[in-house]
Every structure is written in C-alpha cells, then in structure tokens.
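Given as structure tokens, the chain that follows is alone and in the form predicted on its own.
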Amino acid sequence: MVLTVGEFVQAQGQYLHLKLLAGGGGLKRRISAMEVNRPGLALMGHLERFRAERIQVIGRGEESFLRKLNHGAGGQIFRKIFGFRRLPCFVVTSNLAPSRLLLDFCERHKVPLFQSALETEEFVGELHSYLESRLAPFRYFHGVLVEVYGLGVLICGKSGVGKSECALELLKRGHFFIGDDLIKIKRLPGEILIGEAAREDFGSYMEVRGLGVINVASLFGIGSVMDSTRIELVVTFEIWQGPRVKSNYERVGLTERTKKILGAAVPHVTFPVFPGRNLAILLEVASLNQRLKNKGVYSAIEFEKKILEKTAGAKK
C-alpha cells in the first residue's frame, strides 16, 4: 500500500495540527513506510543507513543542532540528504520555526515541509498509529465477520450454506456484527489481523436468502454493529456429504488446525452442516473454547491425559 503526502495531509492534517511551510509542489510524493525517522545521525553526516523512504520528523534536538551549523556545512549535508529521491516529507514538531536552509532546500527540491503544534513524542505516536493502519497489507475475503464473546470470528463457506442465518442467530443472542459477504482483512505487526466491512457505507447491511437485504443496525440497534474486530478464529461451514464420505472433521480436538491469512496462522474449525444442527450454538462454544486455548487451557489434551492416567493405573 502507498499513500501520497497530499492524501495524508487531507486525512490527518487537522488532527495532527499540520501547516505547510514549503515544498507545496511535492504533495504527490509517496509515503510507503509505516515507521517514521528522526534524522539526527543523517544531519551529522552519517547517511550509511539513512531511511529516506520514511517521514522525517525534526524535533527540538534536531532543530537545535541545525541552528548551530554554519551555512556551508549545513548546505553540504542537505545536498546529500535531498539527493535521496524517495524522501516523502519533513515535519517540524512543537511549533518550532525551521531553519532558513531547510526551508530553501524543501522548496527547491519540492519536498513538503510541515510544522506541527504537537510535541514530538505525541506526534510520532499518533502518526505511527495512523500509518500502521493505513499502510498495512490487506486482502478481501468472502464471508461473514462477527464478534462472539469478545472474539472476532470469520465465518466462511459456499453461498447458501447458512453463514448469514448463523450471524442472525448470533445477533439475537447479543453478539456483534461487523460485515457480510466481502470482508477486508488487514495484517498489523505481530501477526494481528483486523477485519472490517469492505465498504464502510454498506457495513450494517446483510443479505439473507429468501428475505433479501436487511439493515442490521435498524433491526437490532446501532449497538449491535461494530466497525472492526481482531480475527482470532476462522470457522468454515461445509454441507454434510454423509457418513460414508471421508472427511477431515475433528473428533477429539488434539489436532490444532490453522488457516493462513496474509501469512498469519489463525485457528480454524470446520463444521459439517446438516438439517437440525444449531450452528450458532456450535460457534459460541468454539469461541469460548478458543478463548480457553488462548489462556493455555486445552480440554482435549486434559481429556487425553486423564485417559492415559486411568489406563496406566489399571495396568498396575
């Protein structure tokens, strides 16, 4: 994912108290890195590991150092720094007035220079949080996304298998709805997957076969709909093909199955679907069981351990 400086300012300029001081001709420059850079070492001439692709944040320390540089030395350093074509922009924090040399170089090379009223630590924290969310890799998945007992669950399966009906039953039981049909999943650092409706303006709508499109927020209340959730479980519904068909359905639970989404492994459960089966209850139990596993409690392993202990005791 990439983001232009102009798009960034339009989205966060007011929130981050940004004011354009120079380099307005470079608003189409691209921001491609989620991290920011404090160019202290670069300003001292150490450019071996200079991260030019990051937004360059100049705080009190960097600005104080710049003011001590004479024009000749400063010009030589800036010529090297501005030789990197991937520079997105500079931001001077704490309402500091940037040096004339920095203003001139930004204007000449069309690299946007902004001033922020926020202190450096606050600005970097807010900026990093925004870039992390905005530039995170993502994919679209077909399914229904709900939150059950505080656990984000992605329900997958072929059309008509009962995903939306299960979500409706879960809503009646007091759980939360995020999106139907097309889900956008972003991967954040630490293998964290965040799911949301692919279209924000259609997030509370759901298609139910035989009923049509319904507005979940209108029927169940605005409090039943969430903007996003962390996905910690994937549940797949499959039409039951009969006992004679070989299947991989888990019987005991000793095998931990996962599904790869954007390179992150997510616990995965597959339920056979046949008439009379209450999928909503099964999904609730699966969510509770996964919450126990997240805390290190594995019922199947405990069960196996007790059987082995009983068997060993009987042999004696």
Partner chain sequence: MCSSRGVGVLQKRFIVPNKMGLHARSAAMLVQAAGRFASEVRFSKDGIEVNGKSVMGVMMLAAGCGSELEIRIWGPDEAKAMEAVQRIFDQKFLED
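Numbering follows the first chain given and starts at 1. A quick note: this is a predicted structure, and the numbers were derived from the prediction, not measured.
A second form of this protein, the form predicted together with the partner chain, is not displayed here; the remarks below concern that form.
Where, among 277-285, 255-263, 37-45, 61-69, do residues come within 4.5 Å of the partner chain in the predicted bound form by heavy atom distance? Careful reading of the contacts points to 255-263.
Can any non-hydrogen atom of S159 be found within 4.5 angstroms of the partner chain in the predicted bound form? The answer is yes: S159 has a heavy atom within 4.5 Å of the partner chain.
Within 4.5 Å, heavy atoms only: does R79 come near the partner chain in the predicted bound form? It does not: once the partner chain is placed as it appears in the predicted bound form, R79 has no heavy atom within 4.5 Å of it.
Even though the partner chain is not shown here, does L118 get within 4.5 Å of it in the predicted bound form, heavy atoms only? No - in the predicted bound form, heavy atoms of L118 and the partner chain never come within 4.5 Å of each other.
Does any heavy atom of V234 come within 4.5 Å of a heavy atom of the partner chain in the predicted bound form? Yes, V234 is a contact residue.
Under a 4.5 angstroms heavy atom criterion, identify the one residue in A73, I222, A97, V213 near the partner chain in the predicted bound form. The option sitting close enough to the partner is V213.
Report the residue, out of F123, F176, F105, Y205, that has at least one non-hydrogen atom within 4.5 angstroms of the partner chain in the predicted bound form. Among F123, F176, F105, Y205, a heavy atom within 4.5 Å of the partner chain in the predicted bound form occurs only for Y205.
Is the partner chain in the predicted bound form near all of F8, K19 and H109, within 4.5 Å of a heavy atom of each? None of them does, since no heavy atom lies within 4.5 Å of the partner.
With the partner left out here, which residues of 128-147 have a non-hydrogen atom within 4.5 Å of the partner chain in the predicted bound form? Residues within 4.5 Å: R139, Y140, F141, H142.
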